[in-house]
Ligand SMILES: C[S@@+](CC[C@H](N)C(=O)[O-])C[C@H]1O[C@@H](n2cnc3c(N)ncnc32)[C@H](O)[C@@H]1O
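Below sits a lone chain in structure tokens, taken as the form predicted alone.
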């Protein structure tokens, strides 16, 4: 397996291709974006920011890094890597974006799962500078950028694979950057995901949505698989990390957070859906 440089970045201001020029990326119009000393590039124009510090906080990123690096979501990573690499030739060259990459866990796992002879060009993008900084510190083989799914700094029709892990899909942008026949791999929480934790922090649980999910325009659904297993958390820190890395931290009341903080162990159900879509060719 070889990790090669990602070469399909686009200027977030005008969409022109970006070319590496020393410690910067530049487009033909002269827009320049410096590569930070930690190895990532900021490609989120200030006019596209909804707050001064958008995305996950430094504390959320640190909690997710501890939780994921402990291998607690390893079965999810294995399922995603298998789906991304299945049916590829032994010496395939694949470009892949993780849109909402967090601290980079799933791209690192994908790189580890690739077979000898395969070449990967990897791009991790997140709107949180803290997430991208963490990712860059852990892996210097991947191209890491601060950016938005609503305006992906990627040239059209250049990606073979696109991951959206518990994220915010922007399907028209995903369709724009994927090659015809390229795969979108989307992971979403299932109805029982972390149910035991949710039952502790909320007075009642909202009814689950019913009905068939809509197929995004420009895509053909291929298959959906369930990754489901029981996870035993030992120690208050693991429980706190799980709560901190999810949106439930801000949705729960102070009383609900206090109930979770009082726990020394917790068994939770992991229940996620992995859906594969193919970018339509016509």
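This one's a predicted model, so the numbers in the text were calculated from it and none came from an experiment. Residue numbers count along the first chain shown, from 1.
Absent from the display: the form predicted together with the named molecule. The rest refers to it.
- Across the options 80-88, 141-149, 195-203, 113-121, residues that bring heavy atoms within 4.5 Å of the named molecule in the predicted bound form belong to 141-149.
- A residue is said to contact a partner when one of its heavy atoms sits within 4.5 Å of a partner heavy atom; residue 133 fails this definition for the named molecule in the predicted bound form, lying far away.
- Within this chain, residue 128 lines the site of the named molecule in the predicted bound form, having a heavy atom no more than 4.5 Å away.
- The named molecule in the predicted bound form comes within 4.5 Å of no heavy atom belonging to residue 171.
- Although the partner is absent here, residue 242 sits far enough away that none of its heavy atoms falls within 4.5 Å of the named molecule in the predicted bound form.
- Exactly one listed residue, out of 233, 43, 68, 252, brings a non-hydrogen atom to within 4.5 Å of the named molecule in the predicted bound form: 68.
- In terms of contact with the named molecule in the predicted bound form, the residue from 184, 177, 165, 94 that brings a heavy atom within 4.5 Å is 165.
- Of all the residues from 98-125, those having a non-hydrogen atom no more than 4.5 Å from the named molecule in the predicted bound form are 100, 101, 102, 106, 125.
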